[in-house]
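Below: one protein chain in two forms, given as structure tokens, structure 1 then structure 2.
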Structure 1
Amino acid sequence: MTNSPNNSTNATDAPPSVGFWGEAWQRFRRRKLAMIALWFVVLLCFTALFAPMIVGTKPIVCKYKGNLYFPCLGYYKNSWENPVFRKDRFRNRYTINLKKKDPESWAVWPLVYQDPYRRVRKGEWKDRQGNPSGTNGAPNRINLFGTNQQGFDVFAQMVHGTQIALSVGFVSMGIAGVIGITIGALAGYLGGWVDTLLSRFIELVMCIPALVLILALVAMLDNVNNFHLMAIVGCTSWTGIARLARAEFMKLKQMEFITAARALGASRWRIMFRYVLRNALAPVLVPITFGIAAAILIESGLSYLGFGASPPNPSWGTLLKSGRSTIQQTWWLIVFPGTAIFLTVLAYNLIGEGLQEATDPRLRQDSH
């Protein structure tokens, strides 16, 4: 290139290249459905992140006996709720006890006063009646999505359940991605006996049924939480990613720019993770996106069967499960969580598909 002055001037005149990822993003943006899906997922992320502020029975912020507290943090982690409220025997009834124990206190409440973990009882919030139980909890102004048989608010459970659905997808595929890419990279790049060994290992892991492993784990652990499920799903679903990564690495290591890098004396790790990986990432991202959708389905399925995280676990699958026994009367227990699972899985699949078409050069030519 440097030998030809003409070419070099042309290159400087042309607008700077947006690069592979920039180009892919431009292409992705043109796909309407994929973009809607992406926005949907972003919305879900916000919902998940701010769930306790959207719906809950603990104040977002309150002034109590001269100090500022953020009791709603207790929804993220029990111990983040200041122990002073427990010591002062609040018993999770902030609306009543704040004023009773300190008339000077004030509080900012979540948008909707409902709780995913218990039934809101009579007299908790001004003159409001307690949540209806049994099959009487059809959606209304107070219980936007109705209540389950026990009187738990469905909307509250759905909002807090978003956290589970999203984190299960992200964390498990994060784990799977790290393991898959590392093993795939090593196998593909190093080749030889390492490849043989790792490939056999991949095949071995493929034979382990994730579901059975999860059931065994649930039987062993006393307090199963969603991170256990994420870890298992992550540790068993990386095989597809590893195989793709291996193939990509095998292909890319033959390329000239790698030879050039090697000639320049770049270390093996630098080549692998700086030069090859960047170029191999696009095809690997696609199964990860699909994997997120699959992980959400697995979690919902497990909760539906009653093998999910320890109760009370406001996951969408749990809601579906409770709707099953009274399916003819409580449509809202099926429709809302069912729709949420469907839309989320669909969104991830659309994103995955969009990503695939935006990054695969062959498909790119087809689409033009």
Structure 2
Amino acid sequence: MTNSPNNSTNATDAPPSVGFWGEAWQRFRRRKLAMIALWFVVLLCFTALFAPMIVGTKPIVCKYKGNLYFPCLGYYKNSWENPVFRKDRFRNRYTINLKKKDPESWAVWPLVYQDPYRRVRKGEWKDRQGNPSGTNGAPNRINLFGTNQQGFDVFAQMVHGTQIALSVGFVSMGIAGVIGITIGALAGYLGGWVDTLLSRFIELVMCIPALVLILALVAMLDNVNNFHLMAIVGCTSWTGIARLARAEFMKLKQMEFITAARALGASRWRIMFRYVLRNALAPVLVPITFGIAAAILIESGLSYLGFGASPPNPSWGTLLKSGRSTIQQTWWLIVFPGTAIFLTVLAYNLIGEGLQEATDPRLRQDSH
């Protein structure tokens, strides 16, 4: 019995393979908690990116003396705010000075008129009362999450603090990933005395308590900023990544496709960073994801202990510190930032677990 043309056509028209990462994404999407956590992190990223448009006292866009300006960019970097407003002595009071200095001016304002770096005074916004301070700053219709002892709005600080939390996590673990993967790749692929020397260096760094090393490095700096924290956390969090990368490179360099690449004349560095690294990257991404959560906890802990970035610093850990002495009267300074830290760390841990199950063949579960 011969095959019909239709049967032979169907046999040859097999669907193309989606590849390793495509299959991993399909398995990851089946895990509801991991997907919810991923969407939560995406929401945080949008909040961090558009924080000046969500809450602030500087216009998103305004027309002043015939020109268009974007004062809200000053929240990202002070130098991005047009110097004309400093020259005309606005002093961050745009609602009053725009009409006073140019009656024909107009402005588009953020969704919530509050500032993370100062107290909003009475009459700044359409006869609104000023922010309360001290123990009187409980959550209300104007101050959604209350205010701190100085009268700074907690909701504004938390929204803008999202930038610090996410940037510290991503940048610090980016630094840790580069250091760890590079050292682990060299140790695992080259072997011999290079492996011995780098392995002893990794063990030496692991013997030093991370928190003690971080506090020692912070103590050496006169004025700590967020970039210092990112570098410090990154330079102390790479050892686990390096050990895992070393093990993956030692395993993969014995595979047949690496032997074939050597036979074809590929150089040692080309094999290491083009062929071996691409196959070792999936398991290395898992500790990096968990490391982002750990970095957020470290930054919050340092800010809570008073070793974080120097003020003004609207981080979640700084809010926790401000409510430490009056925890019974100012519960909102503990509940809201504490909940944000908990949910963010939980989300990254769920993403890490989902990524681990999706990329590790030993942990793959039958989806049927």
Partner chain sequence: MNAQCWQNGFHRRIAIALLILPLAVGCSSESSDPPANPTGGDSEADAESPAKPSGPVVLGNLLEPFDPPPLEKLLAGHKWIDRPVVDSMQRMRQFQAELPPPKLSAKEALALRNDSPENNELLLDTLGRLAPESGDGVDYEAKITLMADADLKSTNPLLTSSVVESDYHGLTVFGLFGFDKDFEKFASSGSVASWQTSEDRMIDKIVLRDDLTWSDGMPITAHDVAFTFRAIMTDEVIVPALRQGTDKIRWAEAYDDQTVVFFHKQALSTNDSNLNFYIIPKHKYEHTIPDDPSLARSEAHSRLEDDPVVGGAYTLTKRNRGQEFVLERRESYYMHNGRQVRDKPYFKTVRFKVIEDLNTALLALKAGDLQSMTLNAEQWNGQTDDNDFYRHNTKGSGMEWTSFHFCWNLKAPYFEDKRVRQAMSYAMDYQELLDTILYGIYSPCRGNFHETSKMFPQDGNEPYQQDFDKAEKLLDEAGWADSDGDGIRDKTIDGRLVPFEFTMLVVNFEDRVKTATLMKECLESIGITCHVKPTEFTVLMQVMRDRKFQAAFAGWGTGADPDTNTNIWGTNAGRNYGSYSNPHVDALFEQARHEFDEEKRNAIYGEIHSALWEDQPYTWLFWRNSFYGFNKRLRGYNFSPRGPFHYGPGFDSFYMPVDVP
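Numbering for residues begins at 1 and runs along the sequence of structure 1. Rigid core (definition): largest C-alpha set, two forms, superposition within 1.5 Å. Given the structure is predicted, the values throughout are model-derived calculations rather than measurements.
Source of structure 1: the form predicted in complex with its partner chain. Once the rigid core is used as the reference frame, the Cα position of residue 221 differs between the two structures by 2 Å or more.
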